[in-house]
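Next up: just one chain, as structure tokens, the form predicted on its own.
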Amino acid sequence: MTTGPGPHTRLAGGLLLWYGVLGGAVAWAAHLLVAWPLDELTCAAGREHVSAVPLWLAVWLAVVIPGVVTVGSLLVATLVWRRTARASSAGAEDRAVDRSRMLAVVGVWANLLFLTIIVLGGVAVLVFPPCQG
């Protein structure tokens, strides 16, 4: 006889699954909304610092932090995919497991795409010197 997971375990697992599926998209959106405008608006104001932080460091953080969040999301999606694959190969027929597996596959591919976009966008932002013009 097996017992199902408790409500806290289900909530934590559900939140982790959604982080695995949507984490890369949210990180990419944050990167898009912060990195380029930070560079453009700071340079347009004639400054090379954001508060007391040098512009290059602020832009670097706006690239690296979303990249790390996306890698974490990719790892979570991969972990969910592996665990649900193990459950499926053990013969468990559960629609929730199948649904979680499908979402994990979507999460893996979406996070790979968003990580590529963040890295390429980061290269463009970081290669060009700030405030060139």
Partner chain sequence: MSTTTSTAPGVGRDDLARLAEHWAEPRSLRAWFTTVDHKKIGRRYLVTAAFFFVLAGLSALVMRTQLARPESGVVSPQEYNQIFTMHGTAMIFLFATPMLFGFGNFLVPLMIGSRDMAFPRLNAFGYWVFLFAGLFMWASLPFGAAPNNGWFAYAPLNQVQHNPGLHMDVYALGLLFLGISTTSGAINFIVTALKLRAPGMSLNRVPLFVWAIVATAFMVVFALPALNADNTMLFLDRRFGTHFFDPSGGGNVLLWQHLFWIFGHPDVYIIVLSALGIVSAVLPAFTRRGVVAYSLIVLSIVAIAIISFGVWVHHMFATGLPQLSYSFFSAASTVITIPSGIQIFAWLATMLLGRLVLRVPLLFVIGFIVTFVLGGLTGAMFAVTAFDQQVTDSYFVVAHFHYVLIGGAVFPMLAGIYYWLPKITGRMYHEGLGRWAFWLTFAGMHVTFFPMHLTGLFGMPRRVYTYRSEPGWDGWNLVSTVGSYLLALGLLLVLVGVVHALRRGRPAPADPWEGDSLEWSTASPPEPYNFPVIPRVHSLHPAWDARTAESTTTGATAERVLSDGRRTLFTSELDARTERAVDMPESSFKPLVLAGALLVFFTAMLLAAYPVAVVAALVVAATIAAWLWPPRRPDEELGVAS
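Small disclaimer: the values here were computed from a predicted structure and weren't measured. Positions refer to the first chain, counted from 1.
FYI, the form predicted in complex with its partner chain isn't displayed, but the following is about it.
No member of the trio E48, V69 and L74 reaches its partner chain in the predicted bound form with any non-hydrogen atom inside 4.5 Å. Among residues of the shown chain, A30 is not one whose heavy atoms approach its partner chain to within 4.5 Å in the predicted bound form.
Within 4.5 Å of any heavy atom of its partner chain in the predicted bound form lies no heavy atom of L16.
Shown alone here, V80 lies farther than 4.5 Å from its partner chain in the predicted bound form, counting heavy atoms only. Using a 4.5 Å cutoff between non-hydrogen atoms, A96 counts as a contact of its partner chain in the predicted bound form.
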